[in-house]
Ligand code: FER
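Take a look at this single chain, the form predicted on its own, given in structure tokens.
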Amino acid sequence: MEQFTVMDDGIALSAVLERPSPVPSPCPLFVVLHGFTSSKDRSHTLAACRAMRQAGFATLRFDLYGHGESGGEFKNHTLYKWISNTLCVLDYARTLPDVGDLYLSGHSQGGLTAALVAGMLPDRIKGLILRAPAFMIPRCAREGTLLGFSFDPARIPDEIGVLKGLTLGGHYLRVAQTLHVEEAMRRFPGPVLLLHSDADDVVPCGESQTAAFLYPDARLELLPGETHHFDRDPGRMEALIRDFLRQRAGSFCTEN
């Protein structure tokens, strides 16, 4: 395990790199994004990374702006900043010795961010694993609702109260209104694994069902009775990730 920071325009991003055993050369690598109010060290993110390494992939998980051990205030985070963070970490990953193809994975808001970045870099990102991706955030921001809070989408307040007593700045909503993840999905030709609970009470599973039709090469796995954080039976999630990567090895990895 290697712990380090990646700088993005003066903001220090806390990151952890772990390699599989044995280490292939070149070694494919997943950059892994956490979700809203979460961090790189949540148990379900660690479980997903473990499954990736068992399938022969290195993992680079990091805390995004305003979260975990990274810099920035939660109140001031936006999806633009998360996209910038992800692009910066991907650039760093490309400089690592013996690293081969790059992949992205994300949970919830991190899944949305990963999908947006993959649509920007379809020539560099080889595949995606998205867990309960919160694709509805931009649409909800345009419609005037977020996490049960309603607002006039044409007159966004300076701040709103969100989960756990946290405050979110109005720029978060203004930025989200400009994003269209459906276009990013259509632009990404690589293989995509979508994992979602059919009982998710935070992000409806219909978000992933719609995405499965929009992505050119997608596989959707619905986990009956699971939670948004895949913590009821994380072994099911791990097995699906591990099996997908092993089954798709021929198309998901560049052959040496």
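Position 1 is the first residue in the sequence shown; the rest follow in order. All values derive from a computational prediction rather than experimental measurement.
We do not show the form predicted in complex with the named molecule, though everything after this point is about it.
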Looking at the named molecule in the predicted bound form, do all three of P28, T59 and V99 come within 4.5 Å of it through at least one heavy atom? no
Does the named molecule get within 4.5 angstroms of any non-hydrogen atom of T113 in the predicted bound form? no
Look up in the predicted bound form whether Y65 has a non-hydrogen atom within 4.5 angstroms of the named molecule, and give yes or no. no
In the predicted bound form, is there a heavy atom of the named molecule that lies within 4.5 Å of any heavy atom of Y103, even though the partner is absent here? no
Even though the partner isn't displayed, in the predicted bound form is I137 close enough to the named molecule, meaning a heavy atom within 4.5 Å? yes
Here the chain appears without its partner; judged in the predicted bound form, the stretch of 189 to 197, 215 to 223, 51 to 59, 30 to 38 with heavy atoms within 4.5 Å of the named molecule is 30 to 38
Taking only heavy atoms into account, state which residues of 139 to 165 are within 4.5 Å of the named molecule in the predicted bound form, ordered by sequence. L146, L147
